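Heads up, the chain below is alone and in the form predicted alone; it's given as structure tokens.
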Amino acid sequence: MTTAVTSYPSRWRAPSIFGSPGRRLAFWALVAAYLVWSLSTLNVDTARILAGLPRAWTILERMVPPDFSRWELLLTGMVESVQIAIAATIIGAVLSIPIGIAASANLSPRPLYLLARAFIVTGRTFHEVIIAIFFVKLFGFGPVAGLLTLAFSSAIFLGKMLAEDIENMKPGPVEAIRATGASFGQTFFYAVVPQVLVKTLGVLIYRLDSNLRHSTVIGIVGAGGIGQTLSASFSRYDFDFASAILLTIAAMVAFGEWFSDWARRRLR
């Protein structure tokens, strides 16, 4: 009597999310069909694109070499962008504390929680450029509009991340502090803060890095900083100076990225 030998696969493979090869093929066929349909509705003018290529080459030629002769104007714009980013991060961090507490289901009453979550969702709906346009209309061109834009966006972002950290923390320390008859403030400072402080500082540094990049973008719509200088240089067809501004922005963003990585590694 022979015993049947069951053969098992020698390699483990993750199960497919589609269930079968036919479903996978149908899914990618639908994706391809959707892409073809989307591109067909864009009304891309090939002749216009081809006509613009020589102009693009002309602009690139005029951007070389970069003109750093007006370094005072360049430095003023860069310092203003950095000031906007740092001040907005600090203001946003302060405003995010009550928002994060209110948006935490395990700390705030249900009506306040729903109201805070609705505020966060509404605030995250609008991009920084749209918010900057709104503040420029209210307060005019300049760094005030940029500061308010990034402070508002930072408060929404940091508040959401703080609320997520508070909801995911261990409930044991909170229950132990409450059992001693501690007030809400004492419970927050002695049970909540020690659990979320390191993560919050890491997110805060990341947001500072993001604000450095955003401060250069919102300036294009008139919200101050080096972006406003860049927009003016393009409007005057001053492409060599615009090239110098772009290189300076790239250097600033690269430094901000390095500092953010270094600071977050130190916090681990």
Partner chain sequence: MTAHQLPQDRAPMRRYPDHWERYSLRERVVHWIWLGGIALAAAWSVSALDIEWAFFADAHEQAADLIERMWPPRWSYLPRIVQPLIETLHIATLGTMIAIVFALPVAFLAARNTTYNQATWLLGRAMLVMSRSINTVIWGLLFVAIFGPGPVAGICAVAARSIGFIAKLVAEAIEEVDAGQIEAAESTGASTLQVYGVAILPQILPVLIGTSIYRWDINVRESSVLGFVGAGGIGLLLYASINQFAWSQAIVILIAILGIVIISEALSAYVRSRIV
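Here the structure is a predicted model, which is why all the values come from computation and not from measurement. Numbering follows the first chain given and starts at 1.
The same protein also has a form predicted in complex with the partner chain, omitted here; what follows describes it.
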Practice task
Indicate whether the partner chain has at least one heavy atom within 4.5 Å of a heavy atom of residue 34 in the predicted complex.
Solution key: yes
Problem - Proximity of residue 69 to the partner chain in the predicted complex, heavy atoms at 4.5 Å - result: no
Exercise for the section: Examine residue 44 and determine whether its closest non-hydrogen atom to the partner chain in the predicted complex is within 4.5 angstroms. Expected result: yes
Practice task
Could you confirm whether residue 25 comes within 4.5 Å of the partner chain in the predicted complex, counting heavy atoms only?
Solution key: no
Handout entry: Proximity to the partner chain in the predicted complex, single hit among 112, 75, 130, 94 (heavy atom within 4.5 Å)
Key = 130
Problem - Triple contact flag 49, 52 and 148 to the partner chain in the predicted complex, non-hydrogen atom at 4.5 angstroms - result: yes
Handout entry: Contacts with the partner chain in the predicted complex, stretch 202 to 218 (heavy atom within 4.5 Å)
Key = 213, 214, 216, 217
